[in-house]
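So this first bit is one chain, no partners, the form predicted on its own, shown in structure tokens.
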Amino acid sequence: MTTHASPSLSERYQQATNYTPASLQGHPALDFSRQPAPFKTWHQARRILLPRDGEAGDEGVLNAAGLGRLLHHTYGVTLVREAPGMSMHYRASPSAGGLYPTEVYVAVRGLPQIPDGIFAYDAREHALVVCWEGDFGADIARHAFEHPAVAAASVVLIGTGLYERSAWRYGDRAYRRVLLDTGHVFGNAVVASDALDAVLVPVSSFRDEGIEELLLLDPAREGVLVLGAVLTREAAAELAASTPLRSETAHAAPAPEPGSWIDAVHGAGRMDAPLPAADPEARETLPAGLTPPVALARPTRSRTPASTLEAIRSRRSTRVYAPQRVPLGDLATVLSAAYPAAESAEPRARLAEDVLDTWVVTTGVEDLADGVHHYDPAEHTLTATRHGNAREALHRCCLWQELGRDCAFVVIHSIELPAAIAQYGERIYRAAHLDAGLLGQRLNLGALAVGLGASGIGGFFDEHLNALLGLSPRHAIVYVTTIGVPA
């Protein structure tokens, strides 16, 4: 096993932003007079209004109407509620604290009814704001290290994070939240593209500075996080599978002062030139199974495109669960929605597939013992690693939120950081959190398909969850998704 004199910057960031009961005691009160606006203000006069039709059409996604549908179901405004002195705009994807730190830009070339160019998506007006006119496809492909999906795409979505929106509430830990939220957005994009007869390929390896310059971003405030190449099914079928590229590793970088971690950890994962992935470091053995794996059934019918898009538009995070048991088949269906079978026609778009582990803690699933289970997506099996009801432990781990106590099961994503960073560099921290958010949104939509509710939790006592899962400190908890019967 490779050893290092000091941990990487991402490992130190994870440790510095872990929640403990003591660290939450000194959390400052929120100053709502200083809360950043959830939307950018675009002063450009030129914009292209997109159709607001929410239904799937036969003409596909690669035109103005189809692109409008895709963007609406990716990050559009799906509900407006009026409150005293303000309007609350709810988006198609969930966001921690309703802060919506993600911005979506769109690069277009060769699309009917839309000129070639780079646009910002204005969700309130459901419009494309013109940033630059012209064909920038070759530039984006070059900055994406000639990724074949980006090079072939007529549409590329660009997801950025405006850190201050989340940092206002979550401080240095906000970078985790921004990544998860952006993963939610691109989880929607993957599912919506499929419903609109296209394929979205998420890409996490690219030259940061090049994309920032195209968008004229201030990298201290807004970072480029992920690309999404939109392709026809035929074009996507011809592409070979790709893996993440390796970035440098910042073992010797000095730890920043509190309040400066976001810029430091994002900067550590920046890429200028790609490096081939290193040989995988030997990884810790996961907790041994107590019983043989339980094979889960795959659903026999998938949702229709119209019902998928309706689920995206109607989805809301569950606030209260009724502590009721759910059928084992429902759990299997929810996991299938996030992890389709290899032979399935559904997209299996991932960003960190070989480093992210999935755990399922069951507290109310029929025909399955309560306890901790490791999930194998390839085999679609659950292996029990710990028996016993964990309701009270989950309640405590999830900062005493009743969502953790009353749900029927919890899906937890973790990563063994030292081994993953040795293989892929600091960039994998970013990719793993984006991947967990993408999977979390697919779990949300899978829960809706069987009449259940879901709510992601990005605030938890990290070390308590490690102890519950039986993991050493080498493993970082990335995300928690609670699923159960809405009250």
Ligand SMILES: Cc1cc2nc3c(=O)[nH]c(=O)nc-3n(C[C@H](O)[C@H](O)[C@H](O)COP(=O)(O)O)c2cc1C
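In case it trips you up, residue 1 is the first one in the sequence shown, and so on. Quick caveat, the model's predicted, so the values are computed rather than measured.
Below, we refer to the form predicted in complex with this ligand, which is not included among the displayed structures.
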query: Contact flag, Arg348 vs this ligand in the model of the complex, heavy atom cut 4.5 Å; finding: no
query: Exercise: Ile457 in contact with this ligand in the model of the complex, heavy atom 4.5 Å; finding: yes
query: Residue contact check: Pro202 to this ligand in the model of the complex, 4.5 Å heavy atom; finding: no
query: Heavy atom of Tyr375 within 4.5 Å of this ligand in the model of the complex; finding: no
query: Candidate from Pro112, Gly98, Gly289, Pro280 lying within 4.5 Å of this ligand in the model of the complex - any heavy atom; finding: Gly98
query: Partner-contacting position among Arg233, Arg319, Arg142, Arg221 - heavy atom within 4.5 Å of this ligand in the model of the complex; finding: Arg319
query: Non-hydrogen atom within 4.5 Å of this ligand in the model of the complex for each of Arg91, Gln401 and Tyr479; finding: yes
query: Partner-facing stretch of 150-158, 360-368, 83-91, 113-121, counted where any non-hydrogen atom is within 4.5 angstroms of this ligand in the model of the complex; finding: 83-91
query: Residues within stretch 185-207 having a non-hydrogen atom within 4.5 Å of this ligand in the model of the complex; finding: none
